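This document starts with one chain, in the form predicted on its own, laid out as structure tokens.
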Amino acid sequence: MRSLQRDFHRQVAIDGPAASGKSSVARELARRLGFIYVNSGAIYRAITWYLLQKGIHAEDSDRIAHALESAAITCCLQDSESRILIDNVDPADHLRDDRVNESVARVSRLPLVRQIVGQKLHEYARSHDLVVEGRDIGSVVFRETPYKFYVDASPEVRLRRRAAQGERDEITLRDHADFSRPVSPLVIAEDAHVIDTSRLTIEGVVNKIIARLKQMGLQI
């Protein structure tokens, strides 16, 4: 079977738990590489927001499947970053709402939702070089890319970062949901390069990643 990787442009996968610094790192890395920055979590959050607007509970898989079957989910770009529209509505201002924070872990564990997000990420990869951040990018979505990184930080540091962002979702509960879900749990891909961001600046982490990419032969 011909590898799907041949149909794609280059992808750098940045995985890690909540508040590990992966979003800031991935965005800056994409800027320095001239790649498109894609936040897979934003797609999960957009879908969660859409379902909440429809009054659909995160545990109602049948209604979720019906709603998503008819929803027009469109991925586009704005300023070299991914954006998502659902039924021509941009939910960007609501992706960090408390209700979304409380429900996104339950919605994102559904196989149908993960399949939809994976398909959208593949659409991006067919047209652009990407830096994609998430929780299963290197282990599932783009498992064939050689450019895999897993960023992490101590629980104490991650809690402080979350508080500084004004977020109120519970790190421990989110970790449990990410690591224990039956479909595409958060894992460290066997060939991923692990970076502890606890004592590093964003620039420091990005410099480490770029140095590693150069060692691997990525033309930068």
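Quick note: we count residues from 1 along the sequence shown, nothing fancier. Keep in mind that this is a model prediction, so the values were computed, not measured.
Although it is not shown, the form predicted together with cytidine-5'-diphosphate (CDP) is what the next lines describe.
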{"property": "Candidate stretches 64-72, 190-198, 39-47, 25-33 - the one whose heavy atoms come within 4.5 Å of cytidine-5'-diphosphate (CDP) in the model of the complex", "result": "39-47"}
{"property": "cytidine-5'-diphosphate (CDP) contact at residue 104 in the model of the complex, heavy atom, 4.5 Å", "result": "yes"}
{"property": "cytidine-5'-diphosphate (CDP) contact in the model of the complex: residue 160, any heavy atom under 4.5 Å", "result": "no"}
{"property": "4.5 Å heavy atom contact, residue 152 to cytidine-5'-diphosphate (CDP) in the model of the complex", "result": "no"}
{"property": "Proximity of residue 19 to cytidine-5'-diphosphate (CDP) in the model of the complex, heavy atoms at 4.5 Å", "result": "yes"}
{"property": "Sequence-ordered residues of 69-95 touching cytidine-5'-diphosphate (CDP) in the model of the complex, heavy atom within 4.5 Å", "result": "none"}
